[in-house]
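Single chain ahead, written as structure tokens, the form predicted on its own.
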């Protein structure tokens, strides 16, 4: 039975430090298992947020060896066999204690987005649309709100532009509504003026860390940025909209 040494951040908003813990590793264990073992045997007051242990609740988001990950989905045998394993809280959000951060800012961003607004149904009371249009937005519904994409976004993480940019998770939320075949609202002005779509420079770091493998950048953010450009910066599209009377569902992306 092997042993591994963990460097775990211990502290709160007033300060803290990394402390070392060495524990035995059983076959098949994930990082969350090891944190629970350390909590049970050595550090009873270690604070960890977790729930399902199945990669579906998004609760155990943290940084493991510098990479934003879910602790319950990071197997010990996936990590380097040598050296210490460094575990720390997500950098983008305010620290509460140890590995637990305050992610409430994200929920406030969600409240700013206008909800789904369907049209009146057909004369028989039904809605009709193409299956391909429904399939297009289905990918975005896989989001478990782990906020790893928000944590790795350099606009939020390094430049601290929380007042200007809602982040990739909520760009995807807007995309799921704007691309919905039955939604009639127009959130393109909000994307430009309120949600800060122009701040994203498409590094794809959010896509890389998504545990649900959502193609956040290519399938969500880029189409939304293109719609903003078409609306406000493409002279041909502006003339076309002036002639046709505009409308949200023009094929801009």
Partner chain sequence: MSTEANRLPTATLPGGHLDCTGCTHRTDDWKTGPTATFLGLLLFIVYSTAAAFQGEHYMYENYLSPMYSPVVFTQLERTVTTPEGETLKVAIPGAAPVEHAWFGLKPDAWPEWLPFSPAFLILAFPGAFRFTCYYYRKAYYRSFWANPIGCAVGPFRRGLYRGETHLLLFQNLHRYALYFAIVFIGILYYDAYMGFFRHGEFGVGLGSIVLLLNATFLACYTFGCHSFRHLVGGRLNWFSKSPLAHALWKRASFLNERHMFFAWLSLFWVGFTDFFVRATSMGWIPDISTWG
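The structure displayed is predicted, hence computed values, not measured ones. Numbering follows the first chain given and starts at 1.
Omitted from view is the form predicted together with the partner chain, to which the following refers.
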property	result
Heavy atom distance at most 4.5 Å to the partner chain in the predicted complex, all of 9, 13 and 95	yes
Proximity to the partner chain in the predicted complex, single hit among 42, 51, 193, 47 (heavy atom within 4.5 Å)	42
Selected contact from 142, 75, 108, 86, since only one has a non-hydrogen atom within 4.5 angstroms of the partner chain in the predicted complex	86
Residue contact check: residue 189 to the partner chain in the predicted complex, 4.5 Å heavy atom	no
Contact label in the predicted complex: residue 179 to the partner chain, heavy atom within 4.5 Å	yes
The partner chain contact in the predicted complex: residue 63, any heavy atom under 4.5 Å	yes
Exercise: residue 113 in contact with the partner chain in the predicted complex, heavy atom 4.5 Å	no
Within 4.5 Å of the partner chain in the predicted complex: residues from 154-185 (heavy atom criterion)	154, 155, 157, 158, 159, 161, 178, 179, 180, 181, 182
